[in-house]
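Presented below, as structure tokens, is a lone chain in the form predicted on its own.
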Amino acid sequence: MLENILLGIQGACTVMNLLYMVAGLVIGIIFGALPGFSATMGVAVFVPFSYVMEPGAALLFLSGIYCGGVYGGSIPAVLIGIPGTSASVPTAFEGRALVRKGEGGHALGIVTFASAFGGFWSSVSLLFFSPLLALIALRVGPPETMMIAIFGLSVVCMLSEGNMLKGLFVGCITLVIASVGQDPVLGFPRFTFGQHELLGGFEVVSVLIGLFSIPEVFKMIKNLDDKDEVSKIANMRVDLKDFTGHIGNYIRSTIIGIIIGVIPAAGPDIAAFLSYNEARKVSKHKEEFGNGSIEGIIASEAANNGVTGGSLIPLLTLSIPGSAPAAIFLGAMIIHGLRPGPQLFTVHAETTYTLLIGFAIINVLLFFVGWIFCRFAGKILKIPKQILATLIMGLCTVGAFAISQNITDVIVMYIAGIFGYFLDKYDFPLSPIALGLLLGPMLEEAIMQTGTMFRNNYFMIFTRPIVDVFVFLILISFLWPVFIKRVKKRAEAEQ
């Protein structure tokens, strides 16, 4: 293996391959930062450009776009409270609050470091633990997917702490909205009211763009004379204590990201929410979450970037893509004559290890490229709010339309934005909506497939070890808020 690693270092460190990595990162960051665009779209658009490249260079170029796209969504999430991708929604909760406190530069610095950290260690796992982690992917079927979705939805209890009833109400309504469209197994339409545009359901990204962008635009217009948001973006400091004081958070969040990446049908958005929830659960400063928590940003960014390397593990070893960009990545590999599986690490060892080593280098470069990008992006806050609000609405409209070239998605975005504004105004949490839309279809399909597997005897799922682990985690998620509340009451009574 050492010989193959040396081959990989030699192949990845050529001048042209390094340039391809940087170019991919820049393109990916731009795609991630634009509302409605994504890492998946970026990789898909540039696959044809990779035809003329050598296989190793092509895979490194597309890997750069993938990693850059996942990271890029966090930049507008911090600066203007609008997540460029759904994986950056938890980052938006904390980043915007830090900008209002004048700590936007610090927030961007933490985002960049946490993203590079999570991505780098996911690439290390890709290099050294691929066969072992691939076994997890083999053991994940519909029952495990169902429990992962339920565990993800249980996060609502933590994210809605303080107004639990409102959070659960919004979450339940969202699950109903997520069922609009064709039944995933039987195929008959539901709640479409004869509109064929709704057969595919609501476009999640369009809803999330409207939900988080339009309320922010309304706030900008309402506070046109407020000048306190021009923070010192140039001061993107990351102190040693920002790492040593949160090292457990970095490691835990990265591991969550890698494991979620390995599991097919999951993705960086689910990893970000789960990791954010776990960080809040163990934090000694829970009151900071939602008000500018560094811990929340670290958890979200280390996890969603940890997915990048994890999602390639089942792809390279089993031909099972762990995420949507990884699925497009599979097509690019086949085009270049590379068939995932055991032979990929022997017959095509030079190209494969060039990719594996290059993936680690990409995440190191991500720190420096992202740092430079953030320095320029920080000037957004100096744009007059009238102009900035207009630009945001224009970008959101274009982004919503670009997903499927469907005007219905644009209409849905504006409707979601108006509802989002009133929900926020009356203190209804928005995070359960994002979770419900992301996990609802996944849960429904997994329930139906599990019922088919066990002939509707759902008690059979408890014979599967991974299911039992997630049942335990779900019970903790539901009972933890109650436990913490009782502990606080007892502590107050003793005082």
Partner chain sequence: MTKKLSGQKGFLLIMDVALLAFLSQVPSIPVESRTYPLIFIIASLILSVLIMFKGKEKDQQEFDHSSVLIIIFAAATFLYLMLMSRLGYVPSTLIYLYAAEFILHFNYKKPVFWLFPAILTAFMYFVFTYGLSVILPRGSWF
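It should be emphasised that the depicted structure is a prediction, and the values quoted were computed from it without experimental measurement. Residue numbers count along the first chain shown, from 1.
One more form of this protein exists, namely the form predicted together with the partner chain; it is left out here, but the text below deals with it.
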_Only one of 344, 127, 204, 402 gets a heavy atom within 4.5 Å of the partner chain in the model of the complex. Which one?_
402
*Select from the listed residues 197, 350, 239, 183 the one whose heavy atoms reach within 4.5 Å of the partner chain in the model of the complex.*
183
*Stretch from 284 to 292, 357 to 365, 140 to 148, 211 to 219 whose residues place a heavy atom within 4.5 Å of the partner chain in the model of the complex*: 211 to 219
*How about residue 175: is it within 4.5 Å of the partner chain in the model of the complex, going by heavy atoms?*
yes
*residue 424, heavy atom within 4.5 angstroms of the partner chain in the model of the complex*: yes
*Would residue 469 show up as a contact with the partner chain in the model of the complex if we use heavy atoms at 4.5 Å?*
no
*Examine residue 54 and determine whether its closest non-hydrogen atom to the partner chain in the model of the complex is within 4.5 angstroms.*
no
_Please tell me whether the candidate spot formed by 5, 243 and 317 is one where all three residues come within 4.5 Å of the partner chain in the model of the complex (heavy atoms)._
no
*Residues from 405 to 422 in contact with the partner chain (non-hydrogen atom within 4.5 Å) in the model of the complex*: 405, 407, 410, 411, 414, 418, 419, 421, 422
